[in-house]
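Take a look at this one chain, the form predicted on its own, written out in structure tokens.
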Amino acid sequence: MKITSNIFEVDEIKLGNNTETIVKGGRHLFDKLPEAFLGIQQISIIGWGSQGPAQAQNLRDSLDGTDIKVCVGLRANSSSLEKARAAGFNEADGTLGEMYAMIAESDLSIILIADAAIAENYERIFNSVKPGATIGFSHGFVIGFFKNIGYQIRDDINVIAMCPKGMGPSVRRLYVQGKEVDGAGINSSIAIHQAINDHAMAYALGWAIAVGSPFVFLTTMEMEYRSDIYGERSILLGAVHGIIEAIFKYKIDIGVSPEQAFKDTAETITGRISNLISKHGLKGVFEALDEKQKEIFITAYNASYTPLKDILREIYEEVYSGNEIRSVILYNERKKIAPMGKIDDTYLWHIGEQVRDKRQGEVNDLDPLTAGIYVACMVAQVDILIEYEHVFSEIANESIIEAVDSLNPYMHHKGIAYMVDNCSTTARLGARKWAPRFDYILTQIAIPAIESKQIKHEAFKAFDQHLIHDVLDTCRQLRPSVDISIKD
């Protein structure tokens, strides 16, 4: 599986035991976009949620001065119509309209509505695409959903994906920063699920470069939805939430003050640990500790790696089997009588508000217990994805880079519970479902083992020589030149 292009330069990188292909983006390539989008006269962004505003505006700006028209399609009477108008899209010039009409007249329709909405409306969406046109997604959920229900996509359209490795608001802000800072932007993966002509790969690459991706990796839509939905339920949201709940309670039980317990857990993970991993890799966390702290780290790592890996394997199996996708569809009916409530009103998260309000710019100490458990979870997640034959670019992004460079900084700014409460329905459901399992397994198995020093596993022995370290060293060279935006 390789990227091929006669328009953009393709580079090879060594990740783990494999060689992968990437394309480097940049504003100097914008003049090649008309060639990449050969045969496309109109691109429509369908939806105005997280990714919609960013991708619509970025594409419009990148294609300014060309003959390609960028439009937005929304439901009739959508509450987002005014927001789209405020961003410069309007009915008068034909750049804003009803979503199905826009799909029908567009050469490339980019579907950025919620997963559950896609599941409700997929037949009308696909039936609206004109023969020979291209439909694009920024998530592989639709392919997992179709696999569940046995739906066959018609064979006269291209189906592609371009998946930014960050939230929509940051996709826009870093694109704007990229006008002045070379290399600013959000990396992305692309996938070609169905190609009816020779243009599908060029369309996906053009799309990625036009939204501002400094580097573009290749995956498949099936592997993307597996790793993405799995990651949300694991280290990106569910696991980090459950880990903090468990360690916070343990710290309180042994006499640590609530404020310090929060600093030792949430603040440590979203602050110091994330910074170290981002700049120096997983080994950087361990090497930042003194000798006594390293012993605590190793004990915590050994006690938690195997129990956490058991949960992580179960999550992957639930995603792979289609059960997690089914749960999202089931919720779409259930929400009419039982909508999700918020989870940020507990003692732990109120303490977090107080701690954030008192911040004076100090850097928290590196708690070795929290560090050992958190890094063990990351490595265990990596190991599961290796077992299921994901490529290393995807493994590194979905298990580590997206956490420390995208989500954790935002969590540090606003709080982990706030982040869970304000992400997509698919992610919210997964985080709320699996976070208690991480909390439980640590409270029942790992923490008692740490206290008693009755640890049966020696997982840390494999840590030093793990392939992920060299992978992260390479990926850090591809890191965007500007840190992700955490503005509200």
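Just so it is clear, the structure is predicted and the values come from calculations on it, not from any experiment. Residue positions are given as counts along the sequence shown, with the first one as 1.
There is another form of this protein, the form predicted in complex with another copy of the chain, and it is not shown here; the text below is about that form.
Residue contact check for K342: one or more of its heavy atoms lie within 4.5 Å of another copy of the chain in the model of the complex.
In the model of the complex, another copy of the chain sits within 4.5 Å of a heavy atom belonging to H241. By the criterion of a heavy atom within 4.5 Å, D310 is counted among the residues contacting another copy of the chain in the model of the complex. Using a 4.5 Å cutoff between non-hydrogen atoms, Y440 counts as a contact of another copy of the chain in the model of the complex.
The candidate stretches are 44-52, 30-38, 444-452, 60-68, and the one lying within 4.5 Å of another copy of the chain in the model of the complex by heavy atoms is 444-452. By the 4.5 Å heavy atom rule, the three marked residues E245, N323 and A338 all count as contacting another copy of the chain in the model of the complex. The contact with another copy of the chain in the model of the complex, taken as any heavy atom within 4.5 Å, belongs to T346 out of Q354, N127, T346, S79. Residue in contact with another copy of the chain in the model of the complex (any heavy atom within 4.5 Å), chosen from V363, I149, A86, L330: L330. Residues of 287-319 lying near another copy of the chain in the model of the complex, listed in sequence order, are D310, R313, E314, E317, E318, the criterion being any heavy atom within 4.5 Å.
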